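Here you get one chain, nothing else, as structure tokens; it is the form predicted on its own.
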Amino acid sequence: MTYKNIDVYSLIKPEVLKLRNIGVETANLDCRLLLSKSLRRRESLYNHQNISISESEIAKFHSLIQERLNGKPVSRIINRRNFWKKEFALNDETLDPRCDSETLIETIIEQYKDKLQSLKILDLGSGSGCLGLSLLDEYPQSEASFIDISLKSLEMVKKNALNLGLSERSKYINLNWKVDGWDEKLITIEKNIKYDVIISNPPYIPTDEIKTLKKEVKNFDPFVALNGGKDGLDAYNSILPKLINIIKSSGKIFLEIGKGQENCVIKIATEYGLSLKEYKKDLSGVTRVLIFMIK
């Protein structure tokens, strides 16, 4: 197999222009990430770095670029995404983590300033595990349970926990919050131990709005992780009635919500014995996180 030496930018420049022409703002970074994938490298490549590359690797790079041109997010092509302070592996049944969801982590850190306290954490609808695992990384004396309807998602949580050295403080539970009695099953599994912190980013996009989302989202994120039902509130209607049964009397619940959903979600929570403690806006100024406690 023959190789040629070339600097990264000379190789990626035509592909950067193609991506920019369709409105991809991160064209240069995307190309460098996809080139790394083609070379089977984990480390970042830089524009003026010299590399040795074969014709088959160049062909692989061009095929990955074509996937990106067709709208597939880079994170879905390379099956990983940076979130908070770490990198998380993804698969086709896990939601691609969003920067907005980092607001959840920021909010919990503001509420629990002592990083050495021991917290019992529940990541409800865990996906890749990015929320709960980020918290375990921040709170080294704490433990987390990860609940998801998808066994394939839980396998990804296990993989990420192992990669980050957090397996010993993680528990993986396959439950469906749409099935009545899920909270009772959870209490049995946890041997009646309740939670200090419950964190969740449930599906909250109204079904009819999913088709209006960017194709990177509607075509590549799992439908079940987006679909909040007709009004976007299905998950909250399933979750909120049960949380009073599994949270400690002094515990706090941190929920991510969609734009403009705060009043509806607060109303549901209030009906089931919870009261709003605080809320937190994301970087766009949208109310993104609601904090609840038992009344």
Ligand SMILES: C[S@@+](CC[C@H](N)C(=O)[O-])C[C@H]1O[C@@H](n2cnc3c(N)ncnc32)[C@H](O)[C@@H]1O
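Remember, predicted model here, so these are calculated numbers, not experimental data. One-based numbering along the sequence shown.
The same protein has a further form, the form predicted together with the named molecule, not shown here; the description that follows concerns it.
Query raised in the report: Given that the partner is absent here, does residue 107 sit within 4.5 Å of the named molecule in the predicted bound form, heavy atoms only?
Result: Outside the cut-off, so no.
**Report entry** Distance check, residue 177 to the named molecule in the predicted bound form, heavy atom within 4.5 Å
**Finding:** Yes, residue 177 lies within 4.5 Å of the named molecule in the predicted bound form.
Report task. Tell me, yes or no, whether residue 201 is in contact with the named molecule in the predicted bound form, where a contact means a heavy atom of each within 4.5 Å. Result -> Yes, residue 201 sits close enough to the named molecule in the predicted bound form that at least one of its heavy atoms falls within 4.5 Å.
Query raised in the report: residue 142 near the named molecule in the predicted bound form, any heavy atom under 4.5 Å?
Result: No, residue 142 stays farther than 4.5 Å from the named molecule in the predicted bound form.
Query raised in the report: Does the trio 95, 101 and 148 actually contact the named molecule in the predicted bound form, every residue with a heavy atom within 4.5 Å?
Result: All of them do, each having a heavy atom within 4.5 Å of the partner.
**Report entry** Selected contact from 77, 225, 119, 161, since only one has a non-hydrogen atom within 4.5 angstroms of the named molecule in the predicted bound form
**Finding:** Going through each option in turn, the one that passes is 225.
Query raised in the report: What stretch, of 164-172, 123-131, 207-215, 184-192, brings heavy atoms to within 4.5 Å of the named molecule in the predicted bound form?
Result: The contacting stretch here is 123-131.
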